[in-house]
Ligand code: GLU
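Let's start with one chain on its own, the form predicted on its own, as structure tokens.
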Amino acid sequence: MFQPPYRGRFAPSPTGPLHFGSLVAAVGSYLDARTQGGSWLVRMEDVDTPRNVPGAADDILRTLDAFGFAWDGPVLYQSTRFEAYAAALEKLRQDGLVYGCACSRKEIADSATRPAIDGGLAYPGTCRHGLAAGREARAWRLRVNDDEIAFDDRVQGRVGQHLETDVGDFVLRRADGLFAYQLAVTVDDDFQQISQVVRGADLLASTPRQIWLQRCLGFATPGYAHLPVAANAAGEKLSKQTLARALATDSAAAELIRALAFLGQPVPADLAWAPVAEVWAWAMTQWVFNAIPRCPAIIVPQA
């Protein structure tokens, strides 16, 4: 069976500086790619423009460079890709797979009968068979069915969802006119020919939606590995919203060692005072993918 060349990626959102949780995802994806002789790309997921912080994208790239990451090719910015997302949405429209939705958040909350798997509300299909008289489309949704969408995650094991029950028809273009994450990431993974997606387990519940969208668009499905996410004492994923501390470039080697240990790698004690290049040299020869903890989250102390 033909195996495409390994192409991985790290895709941060420029909503603030990188933190330890970001570093874990970057280290895991980078080592998985490099130890298999693959390419590693950086994509700036800045499609949600109101959330972007000025200067954050450049700061992220400087931090990656200071931590010794080396990416292949130019950085791809989603904010330059709106025409590609529009073309994909139009193809789906012509195929009868998307429809306009007039529902507001409040209307969905009032009419939804079940929670969604990602913590929201499963869309009840109010506009699936046409808009009510006098209503105009606010967003565009992709039709789903209740067949199981399943895949074997290289870390978390078998994952399956019934999208109609677990999520409902989901948004591809939002009421504010912006393209949704699910569409942008699916189109860009295909455009960049990504063969393996290694990212945090906070995105595990999104993957069946992306696989369904890949099928609708005729795209290949990459392999997936969802790493445990770093969480605070309250069990919340480290993020800008939970006040995660920004990475300090003057302690890059120590932070890399911390990330490797988080990912289950048996880092030797004598590496504690090593420079960044020496930490990477050890990691490139000693990386053990199967040592990664098979759990969605791990609590880490925050200084």
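The model shown is predicted, which means the values in this text are computed figures rather than measured ones. Numbers follow the displayed sequence, beginning with 1.
There is another form of the same protein, the form predicted together with the named molecule; it is not shown, and what comes next is about it.
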Using the partner position in the model of the complex, report whether V185 sits within 4.5 Å of the named molecule, counting heavy atoms only.
-> yes
Indicate whether L23 is a 4.5 Å heavy atom neighbour of the named molecule in the model of the complex.
-> no
Answer for P17 alone: is it within 4.5 Å of the named molecule in the model of the complex, judged on heavy atom distances?
-> no
Residue contact check: W140 to the named molecule in the model of the complex, 4.5 Å heavy atom = no
Checking Y85, Y181, W212, F170 against the named molecule in the model of the complex, the residue with a non-hydrogen atom inside 4.5 angstroms turns out to be Y181
Counting only non-hydrogen atoms, the one stretch of 69 to 77, 85 to 93, 100 to 108, 198 to 206 within 4.5 angstroms of the named molecule in the model of the complex is 198 to 206
Hey, which residues along 146 to 169 are within 4.5 angstroms of the named molecule in the model of the complex, non-hydrogen atoms only?
-> none
